[in-house]
Structure formats: structure tokens, C-alpha cells
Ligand code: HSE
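Quick setup: one chain, the form predicted alone, written in C-alpha cells, and binding and motion questions come after.
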């Protein structure tokens, strides 16, 4: 499955196919959506590569014509999510309603969230909220925007496309910003992968992780990353698992962020010694992710090695063994 998009703006559309003298019944104003967590960068693809994983957040949305507003949440980090109109999912919902001309029609909402994606760990928790809000609201008003237009709005809200793109399309995504627009290529790799994610017991904000990065990098490091990122995509598209051990290393962000993740280098080494094809920081961290083929049978061994390496540096962690999600955001009930 491949998808190529080039959308610079989401145009206002009005869709209300119901007779003017009839109002939709309330149950048609409710949807449930599922959005996968994501891992950005994938090593050398800083701010441009991403992959969707089989760990999901859910949003149950009912749009209201009154000002009534309720947010309920449960699951990972639910106690830290705003329960008012600053909630990120609501911000995305409001944006979608404004763009499609329904902001005056729907002024309130009942938002119920179930989170499995840990917060501030580099698995795209904020992106799931944005994509879920956009997808749910879009479905309720008749799906006037396609996935490409949703990507444009999601990128505007998130600031960059590397997490929101795989959350929308699924699979691996390569995204490019061009004159304010976003261009994304999505595909399922011909190498069937297992993703081993170690989740340490501490959060790491993207703001802090970006603050440690240099403003300029050397030509040598730039070439290092261009070659690895190119090899990574070529190997995945052509099914060349033998080339992947060359492809996950990075010189642009991981060397500077390793001081923020105790034992990072040793966890990477432990994963590779246990048979991983490669390892990387998941997004901005603190999660670390390793990759192996689905038929290797090594995922449990790799997971145990990574957890033990973290432990040797005084960090408790747990391992998640995931697959590549192929669907992206989905409406589960409408």
C-alpha cells in the first residue's frame, strides 16, 4: 500500500445533506475512533520518518449543539490530561469544525478518552489526540475532508508531520515540508518487522529533548544521516532485511540526547547483541525501540536484554512487543 500526498491547505467545505427542516438525532453525532501510537525518526530520519505501531488510543466523541462540555479519560497518563477546553483533542475538534463551517452548529462536546500510549515517552501520545479529534469530528460532519487534508490540519496543530502522518495513514511514512505544505509517502514495508519498545519509568518532554540539539551540524554528519535514511527506506521497500543493520544509526540527534536517557548506548548494544537489526530513540524519547524480523523469533530475547541493560543503570522499564500498524486512524463506530 502506497500513498502520495501533496496538500498545502484544507479548504472549507460544508456538508449537510439532511433536509433543512430536520435536525440529525443525537446518536448520529457520536463516533468512536482508534488511533495508533507512532515512533518518529526511526534513527536517521530526524523529523521526517515515522512508523505506526499496534498500540492504540481511543476517542469516544459526541458533539453537542449546546455549550455543555465534558472530558473523561482513563488509562496511561489520564490524570495529566486537561479536562477543560485546553484538551488537545478538543483543540483539534474545534479546528476541524471551524475549517468545515460547523463551529456555530456544534459548541459543546462529550469527550471520553482511553489511553494505552504512554505520555511524554516518544510514542506520539499528543499526535494520537490531534488525529483522533480531527478524525472523529470529520466523521460526524460527513467526512468532507480526506486524509490528505486531515494531515495538513494535524501538521499545523502538531508543528511537524513525522508523528501525525503515520497516525493517519499507518505503516511507515516519509514526510517533507514544502512551502508551508506537507508531502507524505506512506507504505507498508516488504520486511515484516517486530518493534520492541522499552518504556523507562521516566518522562522526557520534546521541548527538553530539542533544547540539547546543536543549531548547526557538520557536513560529515549530514552525509552520514542522508546515506542511512536512504538505505533504510530502500531496504524496507525492497525487502532487503540484510541491509537494515546499516540503516538505523544516527549522527544528528541521538548523540546529543543520550545524556537524557541513562544507559542508552548500553541498551542499544544489548539489543543488537541479542539479535536486533538496529535500535534507536523512539521520537524524542524516553522510549528506546529495536527492530527485528517477525520470523526471527528473537523479540522476547531482545526485550529482556534491553530491560536488563536499563536496570543496570538504575532505570526500571517495561518492554512492549508490537507490530507495524497498517491502517492508521479508523472510525470504529458511527
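Numbering follows the first chain given and starts at 1. Bear in mind that the values here come from a model prediction, so they are computed numbers and not experimental data.
One more form of this protein should be noted, the form predicted together with this ligand, which is absent from this view; the next part is about it.
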Task: Partner-proximal stretch of 85-93, 155-163, 104-112, 190-198 relative to this ligand in the predicted bound form, 4.5 angstroms, heavy atom - done: 155-163
Task: this ligand: the contacting residue among 183, 116, 225, 206 in the predicted bound form [heavy atom, 4.5 Å] - done: 206
Task: Proximity to this ligand in the predicted bound form, single hit among 40, 271, 289, 35 (heavy atom within 4.5 Å) - done: 40
Task: All of 47, 257 and 283 with a heavy atom within 4.5 Å of this ligand in the predicted bound form - done: yes
Open item on the list: in the predicted bound form, is there a heavy atom of this ligand that lies within 4.5 Å of any heavy atom of residue 74, even though the partner is absent here?
Closed with: no
Open item on the list: Whether residue 240 contacts this ligand in the predicted bound form should be assessed with a 4.5 Å heavy atom distance threshold; does it?
Closed with: no
Open item on the list: When the contact criterion is heavy atoms within 4.5 Å, does residue 80 count as touching this ligand in the predicted bound form?
Closed with: no
